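Form predicted alone, single chain, as structure tokens, below.
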Amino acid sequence: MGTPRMPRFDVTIAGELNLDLILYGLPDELPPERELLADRMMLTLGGSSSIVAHNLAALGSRVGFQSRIGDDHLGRIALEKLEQGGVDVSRVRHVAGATKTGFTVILQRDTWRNMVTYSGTIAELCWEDLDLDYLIDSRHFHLSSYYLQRALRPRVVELLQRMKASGLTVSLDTNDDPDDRWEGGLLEVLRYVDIFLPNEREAKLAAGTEDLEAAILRLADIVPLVVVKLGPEGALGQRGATRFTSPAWRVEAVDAVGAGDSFDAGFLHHYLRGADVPTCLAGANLAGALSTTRSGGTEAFRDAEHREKFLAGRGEPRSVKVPPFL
């Protein structure tokens, strides 16, 4: 029979690839017809899908990535940054035409931010752009930004079915819905997901309830493992009737851009190495904390010396297994 072939990748991802422009030091109110000055800026890799991919690769996972970008300068910069992070980008499509690579402007305040996104090619990634054999050559498939994937969304169930039929595990982080409707067949999609990674607000909206406990239990009836990001309170995991919790790390934060995506990367990196849920949660919180120590979602991971010093200088935080929730 021979020895089964090792998959080429640990994780494959299909999703958005774009840049973030982050401006700091702006007033809370933006009056019209005024020229306002920012005191700092950062142009960095953006897009939840590409942040997860980049940071997984920085942590040591083998990552394959598919996307659609425009034939423009910003798309080339984003692609270069992702490739420099160690991600395989050989299946990213460059498409000429009027639609340009997506772009997000983030107006960062001390504890909150505004975000404005030109979706561009983000919304145009479609089934025909995907190389399914490439995506299947992996142990795990991850999907981010469900509501931004407008052209792909009608066939996401089919995509996840194909991944599952090929033996991959599947994770999903919806991120926000810009229309704030939370429709589009999400509950059907979740039936093909092994790990759901929302934050507290997203969990409640996905489950259709304002009560977080009810939301977690409702989602756990559908998804084998629900992992909820709780910001300064850390994170929790719900597997059936068993709950796990893990505290957040306290750090001097520059911003929280991409912290949730970095959390996803940390969780999946440990999960794919066979770690238990508490260890995955601890590693996820640590990766999310690392992200906040530099501007944007990937800069702390791109700085290898800073990354390794940060990760090595902290032992595993205490994670807690909670008795079955009644």
Ligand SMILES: Nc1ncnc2c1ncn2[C@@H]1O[C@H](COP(=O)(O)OP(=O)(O)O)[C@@H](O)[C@H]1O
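Numbering starts at 1 and runs along the sequence shown. None of these values were measured; they are calculated from a predicted model.
Not pictured, yet referred to below: the form predicted in complex with this ligand.
- Among the residues V277, L59, M42, A259, the one placing a heavy atom within 4.5 Å of this ligand in the predicted bound form is A259.
- Of the listed positions (A151, A214, A241, L230), a single one reaches within 4.5 angstroms of this ligand by any non-hydrogen atom in the predicted bound form, namely L230.
- Only one listed stretch (267-275, 24-32, 49-57, 288-296) carries heavy atoms within 4.5 Å of this ligand in the predicted bound form, and that stretch is 288-296.
- Annotation: in the predicted bound form, residues G234, A248 and V251 each come within 4.5 Å of this ligand through at least one heavy atom.
- Of the heavy atoms in F301, none are within 4.5 Å of this ligand in the predicted bound form.
- Although the partner is absent from this view, N199 contacts this ligand in the predicted bound form, with a non-hydrogen atom inside 4.5 angstroms.
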